[in-house]
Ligand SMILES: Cc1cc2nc3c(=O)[nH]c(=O)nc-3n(C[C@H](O)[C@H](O)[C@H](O)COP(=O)(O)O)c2cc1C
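This document opens with one chain alone, in structure tokens, the form predicted on its own.
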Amino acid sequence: MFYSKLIRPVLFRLDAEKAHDITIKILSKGILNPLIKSFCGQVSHMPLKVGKLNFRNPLGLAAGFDKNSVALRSWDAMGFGFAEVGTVTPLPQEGNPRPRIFRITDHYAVINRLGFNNCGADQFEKNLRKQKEKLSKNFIVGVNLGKNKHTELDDAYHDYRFTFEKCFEDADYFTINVSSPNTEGLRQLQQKKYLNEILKSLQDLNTELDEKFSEKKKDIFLKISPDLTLAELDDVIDVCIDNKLTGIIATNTTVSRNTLPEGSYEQGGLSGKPLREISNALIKHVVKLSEGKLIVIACGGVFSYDDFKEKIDLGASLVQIYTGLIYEGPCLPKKIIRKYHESLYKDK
């Protein structure tokens, strides 16, 4: 109530990206964390093993909110079980021209065309290491990897390998982002030819680094587009299984506007409530077709416990939120996890 009545109206008077930048700057300082933890972050732990990792609860922050890995302590304080940071590319890049984030408040949605703006792998890894030193031991951090804008598709696997190796020691898991609609040509990497090359190369590197650092091989997830045809999705699932990936994140943002009323909308990826049903359909398909060989992390349109539980019931092992946090505020993770905990233990 405090957020929706007082804080959100102030933030929503600002340009969407300016509001986001201010929020990240404040959260990166960590000065509000005691307050956040007191009011929003005291949640019951419900440990679960997903892949090689033990999560304290199944709700996480989706990639894109904390692109440079500077606010992990705040996501920890809010009660998330995990956070995915990035997307990070080998070299720093500014992304697409501003304005590039747009709210559609009537439909609880956001359109963005950021274009992998980030500080680059070197600075990102320094930020990640510094943040991880101060995190709870049971807080999981995923790193979302992308390619630089001007890297040719045939050379894309080099970008993913570079950042994978750079962040290997500090990332708990990795996500391969070949599905953002905001980097020209990126979604072509979901084609079998490119995808197989990227995933095979990364799994080979995963094995090499495991031996070099005496670390466990890292779980690798693939984040997919909600705009794939079923035939394309089937090919992606096959390639993931063939390369022994841990799982799939369903889904990234959509370029479709079919779930919005007719009208003129900005270009870019649509997230929020209009993505919910599209995401759910893909989750259901991946769970059915992979037959337990791929773990599913669900993402798209989660604004409440009911939205979260719906994705768990469809077969997702973990759930991520992004746009829901913008509209519902920092206590949303606590509300969802507390209610989920009550639903699991009320009869015990």
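Note that this is a predicted model, so its numbers are computed, not measured. A residue's number is simply how far along the shown sequence it sits, counting from 1.
Form predicted together with this ligand: not shown, discussed below.
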item: Which of 155-163, 234-242, 108-116, 128-136 lines the interface with this ligand in the predicted bound form (heavy atom within 4.5 Å); value: 108-116
item: Contact residue in the predicted bound form, chosen from 183, 74, 87, 225 - any heavy atom within 4.5 Å of this ligand; value: 87
item: Listed residue (101, 91, 255, 104) with a non-hydrogen atom within 4.5 angstroms of this ligand in the predicted bound form; value: 101
item: Interface membership of residue 67, this ligand in the predicted bound form, 4.5 Å heavy atom rule; value: yes
item: Heavy atom of residue 57 within 4.5 Å of this ligand in the predicted bound form; value: no
item: Residue 275, heavy atom within 4.5 angstroms of this ligand in the predicted bound form; value: yes
item: Partner contact for residue 323 in the predicted bound form: this ligand, 4.5 angstroms, heavy atom; value: yes
item: Partner contacts in the predicted bound form for 157-179 (non-hydrogen atom within 4.5 angstroms of this ligand); value: 177
